[in-house]
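Take a look at the structure tokens below, where one protein chain is shown in two forms, each on its own, as structure 1 and structure 2.
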Structure 1
């Protein structure tokens, strides 16, 4: 017992130290966003500002249309997350619970796409968005206009399906007993009702995991929104806007304002993860148990 207690104590101490190490940068970011420039460059460092400068956030909002950037990010990240959740759940259900010819080939093909670097698709996808027929002034051949490049769809459609999401949902659904679905079919339930009333409620942990990862990755996505915002500034997302803010401001004079903008940028994803973390942990723990 003493040895087991000592081992548990050591494990707890290590976990606490790891947790503090991970929280420390976020605490420093929040504290620095409330500092004056003098406190930010002071030596030795000032950890807690003497008088929190809440005006830093007001100054950032006054410099850039932050609320418009927030709205664009919410539309894009939310739209992609919803689409990925639906497509991943439906594809995972088909691959896990239906036996059809070529199922394994389709699944391996989906996994193969995860091995390709995303940047090789930038140019083809850009031209696909620009050449959509009868959209954005294009004719039926996809010529003469800008297609979908001036709409939020140009940032949502390329990421509407996730191979990783399909894989995770398929692995999770393999653990749902087939007898449960057979009983529902015997009772007269349609496949659609089985999916909505049985499969989705049982896969909440996996759905939360896919949703969290997708929303955070798309909220922080920079490269593709930057490509789109180059031709359509009204679609600038928060990540691109904060990058432009960092470029516009002199870091030697406005570091506290840049940090205030970064703080505003990470708040939504922080709250999202904190509110859904119990589902996320459960989803990771239960995924991949059965193949």
Structure 2
């Protein structure tokens, strides 16, 4: 069937074009990180640097504490993921496996929070973080110091629970047969033990999905870390640090260093995340389509 073959060719052409568009910015970034300043502003553009400037990377690492940025991102995204996993599993368990008055209201309420734009909390939460009693030089009324504002907790706590995580865990746990739980109860297991020893091991796939999805999205989060790091530069996460590259190195003079910094900031993580594609995709797929 020639028509069919033609169609196949057209679709291949479209896919290849789109694919090239997808990969080109990455390729350009990689090539440009190895260019000299002159090669970057050359007209017509230089595609591949004559002599790769590996020194660009050394120069960036010498000027910008990328390692500290990585560490901060790891602490923040890791802390949030851990907390989201625990709270989501507990709440998901309660909502999936217990029958009590108000359950549906709570569930719907949690789902509804997904519709709130985050800016509506930002200002009060920022102020609350400063006024946490007995932290950061504060007295028991929360006055006198800076509270949690200059600790990683200020970046972790406001995201410690995820409505999406609760939703996903509940959906997954609905699929665990009640008979398993009842059998355990007959054997005299406490509810806590059932949760820890039976439910959690069975929900490992869902936990992996929630954990990885949360980690990636928090790793890439900019807004809140930007607000916090403005007054606490030592908490600068990778996203904020990458944004600051443009300020640390004047984009008009040191673009080669900015691009080298961007390369160091995203390529390792992008490849790591790409290897976790399976879990991530499962996460987005489970959200809306299958219920």
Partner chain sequence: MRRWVVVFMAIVALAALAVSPALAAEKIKLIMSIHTDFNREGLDDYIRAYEQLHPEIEIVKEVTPFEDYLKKIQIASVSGRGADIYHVYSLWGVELAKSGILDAPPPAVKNDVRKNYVPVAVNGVTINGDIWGIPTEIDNYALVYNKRLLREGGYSEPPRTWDELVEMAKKLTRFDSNGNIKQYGFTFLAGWESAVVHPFLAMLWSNGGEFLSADFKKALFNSPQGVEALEAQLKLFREKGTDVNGSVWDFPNGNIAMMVMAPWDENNLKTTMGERYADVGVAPIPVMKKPATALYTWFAGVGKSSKHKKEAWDFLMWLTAQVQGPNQTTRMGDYLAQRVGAIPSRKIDTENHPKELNDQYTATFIRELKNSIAEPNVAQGAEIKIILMNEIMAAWYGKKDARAALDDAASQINAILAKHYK
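Residue numbers count along the first chain shown, from 1. Keep in mind that this is a model prediction, so the values were computed, not measured. Here, rigid core means the biggest group of C-alpha atoms that superpose within 1.5 Å across both forms.
(request) Please let me know, 1 or 2, which structure is the form predicted on its own? (result) The chain shown as structure 1 is the form predicted on its own.
(message) Please determine whether the C-alpha atom of residue 222 is displaced by 2 Å or more between structure 1 and structure 2 following superposition on the rigid core.
(response) Moves: no, less than 2 Å.
(message) Rigid core aligned, does the Cα position of residue 238 differ by 2 Å or more between structure 1 and structure 2?
(response) It does not reach a 2 Å shift.
(message) Relative to the superposed rigid core, does residue 57 relocate between structure 1 and structure 2 - that is, does its Cα move 2 Å or more?
(response) For residue 57, whose C-alpha is compared between structure 1 and structure 2 after core superposition, the shift is 2 Å or more.
(message) Once both forms are fitted on the core, what is the Cα shift for residue 29 between structure 1 and structure 2 in Å?
(response) Looking at the C-alpha of residue 29 between structure 1 and structure 2, the offset is 4.5 Å.
(request) Using the rigid core as the frame, report the C-alpha movement of residue 14 between structure 1 and structure 2, one decimal, in Å. (result) Its C-alpha shift, to one decimal, is 9.8 Å.
(message) When the rigid core is overlaid, by how much has the CA of residue 266 moved between structure 1 and structure 2, in Å to one decimal?
(response) Comparing the two forms, residue 266 shifts 3.2 Å at C-alpha.
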